[in-house]
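Here's a solo chain for you in structure tokens, the form predicted alone.
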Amino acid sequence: MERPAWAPRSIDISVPSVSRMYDFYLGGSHNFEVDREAARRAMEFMPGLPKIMQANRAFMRRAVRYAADEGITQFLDIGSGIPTFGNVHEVAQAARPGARVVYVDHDPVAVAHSQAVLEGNDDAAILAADLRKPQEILHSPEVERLIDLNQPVALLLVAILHFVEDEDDPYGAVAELREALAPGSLLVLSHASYEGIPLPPERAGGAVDVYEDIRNPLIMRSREEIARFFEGYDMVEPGLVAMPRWRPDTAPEDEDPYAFSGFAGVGRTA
């Protein structure tokens, strides 16, 4: 198997990665045959996976613009993945020049590629760390340099919590991050769910099994379970909804039915 020049030597390119599969769904080029193969297997069950990823990215961009309009100039994006066109720093810095962004991911390809993309951008950085260890993120040199935790921050947890199993205490990690945020901070979150998928659960379950097989279980949570992540936040209108229904730019009726899979919302700390 040919190792592309951009692939860090330390990574095993025979094992699929969820961030590289996501990159493939979005039409990116930072993925290997093993990632494409796993993604295509998942798409045999859920052909609309790329539509779900696109709806996620579109929600993320609208939420970042909303945060910038609300006066927020600091963004912490955990589980940021491989940077693709229209990433957080591009949207935030276009809306608010000088906005500061810290990306966090534990995939070495996502980290290496982010370093290349952010070269020369003093207001953005990438940190190799894991959502399950919030203190390592909060006390990292990158966060300490760019983020003032005494001022409001937009915390992005977009399409990441469904890769954290209950035994790893995702609710505890999200609460720990919330504790560190100043009043007026925002939580921007999206999460996979069987609710809204235009398929019977057992068929969608086939795609979930693919992630199980590559040792990256995809945890489908109910709307109620997802809402629990917002404990301690006041929901911003329209609340926790399907991604295309969160402050849409275009009529949700025009969206692909798959775009309504899962939930998205924004909460504000009091």
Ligand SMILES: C[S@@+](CC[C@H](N)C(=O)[O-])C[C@H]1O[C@@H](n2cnc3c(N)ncnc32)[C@H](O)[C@@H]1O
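Position 1 is the first residue in the sequence shown; the rest follow in order. None of these values were measured; they are calculated from a predicted model.
The same protein also exists as the form predicted in complex with the ligand; that form is not shown, yet it is the one meant from here on.
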- Tell me the stretch among 175 to 183, 73 to 81, 145 to 153, 196 to 204 that has any heavy atom within 4.5 angstroms of the ligand in the model of the complex. 73 to 81
- Message: For the ligand, considered in the model of the complex: do all three of 19, 22 and 131 come within 4.5 Å of it, counting heavy atoms only?
- Response: yes
- Task: Taking 4.5 Å between heavy atoms as the contact cutoff, choose which of 92, 187, 159, 102 touches the ligand in the model of the complex.
- Result: 159
- Query: Would residue 62 sit within 4.5 Å of the ligand in the model of the complex, counting heavy atoms only?
  - Reply: no
- Query: Is residue 56 one of the residues lying within 4.5 Å of the ligand in the model of the complex, judged by heavy atom distances?
  - Reply: yes
- residue 163: touches the ligand in the model of the complex, heavy atom cutoff 4.5 angstroms: yes
- What residues, if any, in 93 to 122 have a non-hydrogen atom within 4.5 angstroms of the ligand in the model of the complex? 105, 106, 107
